[in-house]
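First comes one chain, alone, set out as structure tokens in the form predicted alone.
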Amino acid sequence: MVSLLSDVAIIGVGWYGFSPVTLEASFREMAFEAAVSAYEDAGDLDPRKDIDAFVTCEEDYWAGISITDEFMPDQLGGVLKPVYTVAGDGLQGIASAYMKIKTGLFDTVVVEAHSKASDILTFHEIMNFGFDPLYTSHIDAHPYYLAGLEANYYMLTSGVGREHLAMIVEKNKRNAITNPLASYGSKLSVDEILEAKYVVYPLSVMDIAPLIDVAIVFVLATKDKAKKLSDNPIWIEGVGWATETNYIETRNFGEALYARIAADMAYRLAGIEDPKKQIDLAEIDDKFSYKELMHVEALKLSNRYSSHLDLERGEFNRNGPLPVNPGGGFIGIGHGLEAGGLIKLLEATLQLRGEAVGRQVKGVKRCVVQSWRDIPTATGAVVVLSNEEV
């Protein structure tokens, strides 16, 4: 076994779906196909012999099945192997796998997350179950009212206008046009986006990422294993995660505190002191357009309440100084529920490998990836990646 200080690398990744509707496969079949691709990408691994442990990420409500993540080991080849289940986002699962390898007890760990959103008939009603059962779940309102409140407060205190939200939508949908994995790419003007129908003010249908079906599997390994199995390992330099208060009444709506705490942890592990100078590309959670701006600030890639000014200058464009969501983000690719963080991690991994066909950013050496679990949570995770050996 390895030492406690072993570096951790991504050596394989596979996926299936990236579609609004997947009629031909169940979520189990999607996960199986993604796993087969990931093991091939990692050097034709045999999960029965070559994988030490498995991490699966799922929320029972989305599948309509109790302890649904217990259905995943068979599809991944994890029978009679240690399996750790996370009721959370896939990026939280990556952090868990990272820590497992760091213990010295495991050489290779697989992480899986998926979305079969097209099977869900009552998405927003299910989302309401996440609100406090005594004080807020009984409110007869669309759950996105919380995003509307937060967006309004953030815009009021930061100087962000609706045109800035439209600029995020325009950028991400334009980036998605050249991404073969993206379902919602389009060329729209800011004026056209501003004319879209409101869901809850100030957010229109354009400001909210649409859902997709997807399954993604990552293979992580120690430094020794990575060098034996992969010609192009991607190194995990740091991980972080945090949950802010569960009570929406006591949150600071002006900042994504969960993202800032998670980023500080990941940066500390990665030895990053100046993210603006040391990060080449950012994959930022944009389930709502305003969230991209909040998260960019929380990750210290812009000064607080200045991200919209950087956006105006084109700094977050694919060819800008700090590309943000060059593959289209959730707004352009689609929102994959608990697989969302792995969608972000996949894009960063492909960029670092030089395999981001149609949207490759030149000279990328280090990426930061960030995810948020969606309304009504204040839970997030951050991972720092590099294609240069630690």
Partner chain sequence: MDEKVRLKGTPIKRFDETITVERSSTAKYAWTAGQAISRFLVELKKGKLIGRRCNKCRRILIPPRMYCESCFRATDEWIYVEPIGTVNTAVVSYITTTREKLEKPLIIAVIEIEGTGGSGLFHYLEGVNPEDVINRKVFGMRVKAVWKPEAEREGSINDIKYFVPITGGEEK
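Quick caveat: nothing in here was measured; it's all calculated off a predicted structure. Residue numbers count along the first chain shown, from 1.
From this point on, the text means the form predicted together with the partner chain, which you will not see here.
With the partner omitted here, the stretch from 96 to 104, 124 to 132, 255 to 263, 189 to 197 that lies within 4.5 Å of the partner chain by heavy atoms in the predicted bound form is 124 to 132. Ile120 is the sole member of Ile120, Ile177, Ile272, Met167 with a non-hydrogen atom lying within 4.5 angstroms of the partner chain in the predicted bound form. Exactly one listed residue, out of Leu322, Val36, Leu350, Val361, brings a non-hydrogen atom to within 4.5 Å of the partner chain in the predicted bound form: Val36. Under a 4.5 angstroms non-hydrogen atom cutoff, the partner chain in the predicted bound form has Gly77 among its neighbouring residues. Not displayed here, the partner chain is kept clear of Ile67 by more than 4.5 Å at the level of heavy atoms in the predicted bound form.
When contacts are judged by a 4.5 Å heavy atom cut-off, Ser137 counts as touching the partner chain in the predicted bound form. Residue contact check for Lys116: one or more of its heavy atoms lie within 4.5 Å of the partner chain in the predicted bound form. Across the proposed site, Leu23, Glu29 and Phe32 without exception bring a heavy atom within 4.5 Å of the partner chain in the predicted bound form.
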